[in-house]
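Below you'll find only one chain, the form predicted on its own, shown as C-alpha cells.
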Amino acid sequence: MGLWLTLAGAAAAVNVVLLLLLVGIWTRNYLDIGSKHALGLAIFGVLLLAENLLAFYYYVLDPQVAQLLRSAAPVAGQAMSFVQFLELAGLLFLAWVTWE
C-alpha cells in the first residue's frame, strides 16, 4: 500500500504542476479573447488545483491520514490512488490539446 500512496502523491504533484501551467494559459486566453469557454476552463482548473493540493497534503504531508490509508483502509487508498492516475491521464490529454 505504501507504493500506491507514493505513486499517488507523485501523480498529485505532477497534476499540480500541469494545472498551474494550464490555468496560466487559460487565464491569459480569457484576458486576451474574453471567451466564457476560457474563463470556464480557468475556473475548473483552479478548483481541480485545490483538490490536487489537498490530495498531495493528505498523501505526503499529513502523517496521520497517510498512516490511516496505509493500514485501516487499504482498498480506499488504492481507489483514491487510481483516481489520481485517471486525473493525471486527463490532464496530460488536456495539456496536449491546449498546446496544439
Partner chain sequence: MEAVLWYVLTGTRGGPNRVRILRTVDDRPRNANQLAEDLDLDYKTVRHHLDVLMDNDMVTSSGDDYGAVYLPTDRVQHHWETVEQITEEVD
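Numbering follows the first chain given and starts at 1. The structure displayed is predicted, hence computed values, not measured ones.
Form predicted in complex with its partner chain: not shown, discussed below.
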* Asked: Can you pick the one in Ala55, Ala38, Ala66, Leu48 that has a heavy atom within 4.5 Å of its partner chain in the predicted complex?
  -> Ala38
* To do: Would you kindly say which of Ala13, Leu92, Val83, Ile25 lies with a heavy atom within 4.5 Å of its partner chain in the predicted complex?
  => Ile25
* Asked: Any of the heavy atoms of Ala72 lying within 4.5 Å of its partner chain in the predicted complex?
  -> no
* Would you please decide whether Thr6 lies within 4.5 angstroms of its partner chain in the predicted complex, comparing each non-hydrogen atom pair? => no
* Applying a 4.5 Å heavy atom distance criterion, does Leu61 contact its partner chain in the predicted complex? -> no
* Taking its partner chain in the predicted complex, which residues along 74-100 bring a heavy atom to within 4.5 Å of it? -> Leu94, Val97, Thr98, Trp99, Glu100
